[in-house]
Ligand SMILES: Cc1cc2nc3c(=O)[nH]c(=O)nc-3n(C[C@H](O)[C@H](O)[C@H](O)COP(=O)(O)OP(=O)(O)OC[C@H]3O[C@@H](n4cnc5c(N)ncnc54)[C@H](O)[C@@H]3O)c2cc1C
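Here we start with a single chain on its own, the form predicted alone, put down as structure tokens.
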């Protein structure tokens, strides 16, 4: 079996942070390859109709911009906020198609599991000699064919959007939720576009109190103004009508969204019925009426709502099964990188994405040598993540990898 070059680097995930890491790694001299289980920017496409809170100038990584400009790219207007689709089309797809990266970005190649070659998880505990063996990745393509690929450095930028959280009380599935999950929505539905007919003139149950749920409910309120009979049951765990958002928010688009959501909670639109302090118990689906019965507790009292559609925007969780064979250290509370999670839980940065955490590569490090988790996945259930933070993480991780990989 051939041993890879010492400067070999595998990046998992071809989203904004993963591709920024790849572009920066090329500049430093790494032999980098990116593995993506779907298409480039697949997670962005999942909410492609939604406009971001941050402008272009905050969304394009520095190494990404340099590589694109070297290939004739013109930057979009700095102060405009793109949609997810616009970001994928104008930045990520052109970046992956550059001559420098084209042969290094492997789509529809899912990294199923990662370990160390010839080393079990319980072996060489705390021993730097684990780095003597390369990472061993089981990779499966769209046709089901599996192969083994090796690299001496590993960056996981797979994000969390592909693994939505369960809506049931305590974070576990509600009754029948696992069975019905394929027909319910766990992303912000495009209710004014592609999914308009799914919700127009119907009653939709939305669960969640964050930005995704607010986006869905505000859009459904617009639909209700256009199509009679459209209505919403909105259930949140929080009980305060003014919940959500950041005081003196520096991002106008985010401030406007939460202001609109607060107005709806306060009863500004009769088509929106808000229930605070709600805990989801379970779901039923009647194949005869094509309606759901959603059971939840509200103020400790059981309530049942009958609706035609269900949207569960309750957040996303990291999938750690990929690296179960490594000495990875994740927070038991948030699921994020342990040292970073501790820093976030004890600072302002854990509450507002505009406040960058401190610590550099030190807070990103795991007991496993030459392994980093960056991007939204490094934050786990903490949603205060900003793309520019992920870009800085990529730079910090590569700087920490360079001495052993590149002899610098």
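Positions refer to the first chain, counted from 1. Given the structure is predicted, the values throughout are model-derived calculations rather than measurements.
There is another form of this protein, the form predicted in complex with the named molecule, and it is not shown here; the text below is about that form.
Indicate whether the named molecule has at least one heavy atom within 4.5 Å of a heavy atom of residue 322 in the predicted bound form.
Flag for residue 322 set to yes.
With a cut-off of 4.5 Å between heavy atoms, is residue 212 one of the residues that contacts the named molecule in the predicted bound form?
Yes - in the predicted bound form, heavy atoms of residue 212 and the named molecule come within 4.5 Å of each other.
Can you tell me whether residue 269 touches the named molecule? I mean in the predicted bound form, with a 4.5 angstroms heavy atom cut-off.
Outside the cut-off, so no.
Is residue 9 one of the residues lying within 4.5 Å of the named molecule in the predicted bound form, judged by heavy atom distances?
No - in the predicted bound form, heavy atoms of residue 9 and the named molecule never come within 4.5 Å of each other.
So which of 157, 232, 311, 280 gets a non-hydrogen atom within 4.5 Å of the named molecule in the predicted bound form?
Contact check passes for 157.
Tell me, out of 166, 161, 274, 186, which residue has a non-hydrogen atom within 4.5 angstroms of the named molecule in the predicted bound form.
None of the other options qualify; the answer is 161.
Thinking of the named molecule in the predicted bound form, which stretch from 60 to 68, 42 to 50, 25 to 33, 337 to 345 has heavy atoms inside 4.5 Å of it?
Correct option: 42 to 50.
Check each residue of 108 to 146 against the named molecule in the predicted bound form and list those with a heavy atom within 4.5 Å, in sequence order.
Those in contact are 109, 110, 111.
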